[in-house]
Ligand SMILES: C[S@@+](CC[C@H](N)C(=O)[O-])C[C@H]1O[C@@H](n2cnc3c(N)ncnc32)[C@H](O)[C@@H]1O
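Consider the single chain below, provided in C-alpha cells and representing the form predicted alone.
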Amino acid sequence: MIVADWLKKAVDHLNARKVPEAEANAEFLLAHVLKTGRVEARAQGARALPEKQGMNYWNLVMERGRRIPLAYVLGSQPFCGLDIEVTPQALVPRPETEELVEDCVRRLMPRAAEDLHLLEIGTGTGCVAIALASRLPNAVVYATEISQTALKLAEKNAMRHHVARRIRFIQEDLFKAGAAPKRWADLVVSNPPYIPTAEIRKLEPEVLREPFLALDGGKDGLDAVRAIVASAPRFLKPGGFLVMEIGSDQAAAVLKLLLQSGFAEASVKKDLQGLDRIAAAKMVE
C-alpha cells in the first residue's frame, strides 16, 4: 500500500471511533513512523510503505483508536519548544500550561541575572520546572511530586534537556502540617488538579486515561488550590510570587482565597482562548 492509502485507512478507522481531529492524528502518527514532519509525511502520498513500517503504523492507529491520548501513543509531547517524554503515569502537558510558564518568566525576567529559587508543586512530567530552568539560567528549581513514578519520569526529562543539575526533585506532600516556615522561594508555581470530582466522568475518553489524582480537585475543584494558597506563605520570600493554573470558572473563588490569605496584587489572566486561566499574587513585604 502507498502512504496515501494508509492515511485514508487510518482516518476512516479513527473517525469510526470518534477520535477528535482524526486526519491530523493520522498524519502525526505517520510522521512518527517515518521520522519526519507532518507536512513531509503527507507529501509522500505516492510512496509505497514497507510492510514493517505499515504494520507499525497500523498498530499505532489502533492504539489511538482505543482513545488513548496521542501523546501517550507517541511517547512525547512538545512543550515550550521542548520535547517532553510522557507516560500514562503523568498528566499530558497542555498549551495553556505553556502560558503558565510564560507568566512566571515575565515576572522573574527583571531579576534573571540574580540567583533565583523556585518551587513547583506537583511537577508531573517535569515540563514546567524544565521549561523554567531552561529560560532562567540562574534559577534553581525545587520540584515536588507525590508519585514516585512521575518523579522518575521528570528526572529523566530534566537529564534529557540538560537542566538536571539545577532542578531538585523531591517526593513530598507539601501540604502536611508541621513544616517550619522558611520563606526562601522567589516564586511558587503549580498546575494543580482543579476539576470537580463529579465533572471528571463527563470528560473525553482520552482525559480519563490520565492519572485521576492529577485531575481531581475535590467537590468544587478547589481542594488543591486551597492547600497551595495556605502553604505558599511558608515558602515565599516577601515580594515573591504565587502563580497557578486554574479552572476557567474559578477566578472569583481563587481571588477571594488569595486576598483572605494575605496576598497582594491578586489577579487572573485569560489564556489564548479567552478563558480565565492563570491566577497570580504577590507575597506581602
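Start at 1 with the first residue shown and count on from there. Note that the structure is a prediction, hence the values are computed from the model and not measured.
Although it is not shown, the form predicted in complex with the ligand is what the next lines describe.
J.: Select, from the options 200 to 208, 157 to 165, 125 to 133, 105 to 113, the stretch whose residues sit within 4.5 angstroms of the ligand in the predicted complex by heavy atom distance.
T.: Flagged stretch: 125 to 133.
J.: Taking the ligand as it sits in the predicted complex, is residue 80 in contact with it (heavy atom to heavy atom, 4.5 Å or less)?
T.: No, residue 80 stays farther than 4.5 Å from the ligand in the predicted complex.
J.: Can you tell me if residue 192 lies within 4.5 angstroms of the ligand in the predicted complex, counting non-hydrogen atoms only?
T.: Heavy-atom contact with the ligand at 4.5 Å: present for residue 192.
J.: Please determine whether residue 185 contacts the ligand in the predicted complex, using a 4.5 Å cut-off between heavy atoms.
T.: Result no; residue 185 lies far from the ligand in the predicted complex.
J.: Hey, in the predicted complex, does residue 214 get a heavy atom within 4.5 angstroms of the ligand?
T.: Within the cut-off, so yes.
J.: Could you list which residues of 133 to 156 come within 4.5 Å of the ligand in the predicted complex, counting heavy atoms only?
T.: Stretch hits, in order: 145, 146, 147.
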